[in-house]
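Only one chain comes next, encoded as structure tokens, the form predicted alone.
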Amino acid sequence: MLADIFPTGYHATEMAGVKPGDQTVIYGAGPVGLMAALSATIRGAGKVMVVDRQPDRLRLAESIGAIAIDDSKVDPVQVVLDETMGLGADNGCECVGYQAHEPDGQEQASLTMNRLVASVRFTGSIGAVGVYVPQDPGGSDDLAKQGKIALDFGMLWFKGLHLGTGQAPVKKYNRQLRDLIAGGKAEPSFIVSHELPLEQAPEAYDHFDKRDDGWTKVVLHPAMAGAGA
């Protein structure tokens, strides 16, 4: 986890400028989104809200003290506004990427970015670590096929929002995150649902890719061959 998801989630909060007492919203409760929620907590956020629609992932967000928002049941932007006296979150993290989709399964690459623009208050900040690509041949529309999204830039500009994007510089963070784990201040393993032998990797990935309930993060052990779950 120190090689990828924990530093990436932390990078999202770094770009978003999360500081003690902040109200932070995170779109996406996959492994990176949950690490962003954990990182926001470590950085002292007073309120962390996590938007997703997978019950098992939302339960994990709640297990570390975050407010779970199921966007298949409610308007997540309105819930964020209600939680912040109508002002919006101080900052937010995008942890979904270009494959964002509506609850009905329709892909909409701009969905989470535009919801963040609407969710974060004036002069707030957004850290986007969800993957966006220069080309997406399987995109749902002509913009997506070109790696472009219909970003609500007018509102982003009007609100004076700051936006940071890009891959995480893992080596910038992993030593300090390692020491947080060693010191008992962070426990990223809370997202691990299964520990399996390497030979079960295809089956495990299939479950994870289908978002099957309870398959939140799998750790593979080459030495466990034949040992079962």
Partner chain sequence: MKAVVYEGPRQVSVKDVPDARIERPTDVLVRVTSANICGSDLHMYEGRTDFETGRWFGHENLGEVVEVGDGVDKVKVGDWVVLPFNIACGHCKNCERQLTNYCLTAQPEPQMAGAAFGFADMGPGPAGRQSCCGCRGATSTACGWARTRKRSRPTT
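Residue numbers count along the first chain shown, from 1. Here the structure is a predicted model, which means the values were calculated and not measured.
Keep in mind that the form predicted in complex with its partner chain is missing from the display, and what follows is about it.
With respect to its partner chain in the predicted bound form, the three residues Asp136, Pro202 and Asp209 uniformly fall within 4.5 angstroms at the level of their nearest heavy atom. When its partner chain is considered in the predicted bound form, only one residue from Val131, Val74, Ala150, Met155 comes within 4.5 Å through any heavy atom, namely Val131. A heavy atom within 4.5 Å of its partner chain in the predicted bound form is found for exactly one of Pro55, Pro169, Gly44, Gly65: Pro169.
Look at 115 to 123, 91 to 99, 74 to 82, 155 to 163: in the predicted bound form, residues with non-hydrogen atoms within 4.5 angstroms of its partner chain sit in 91 to 99. In the predicted bound form, at least one heavy atom of His221 sits within 4.5 Å of its partner chain. Its partner chain is not shown here, and in the predicted bound form it never comes within 4.5 Å of any heavy atom of Glu187.
In the predicted bound form, Arg175 approaches its partner chain with a heavy atom inside 4.5 Å.
Shown here without its partner chain, the chain has Leu2, Ala3, Asp4, Ile5, Thr8 in 2 to 20 lying with a heavy atom within 4.5 Å of that partner in the predicted bound form.
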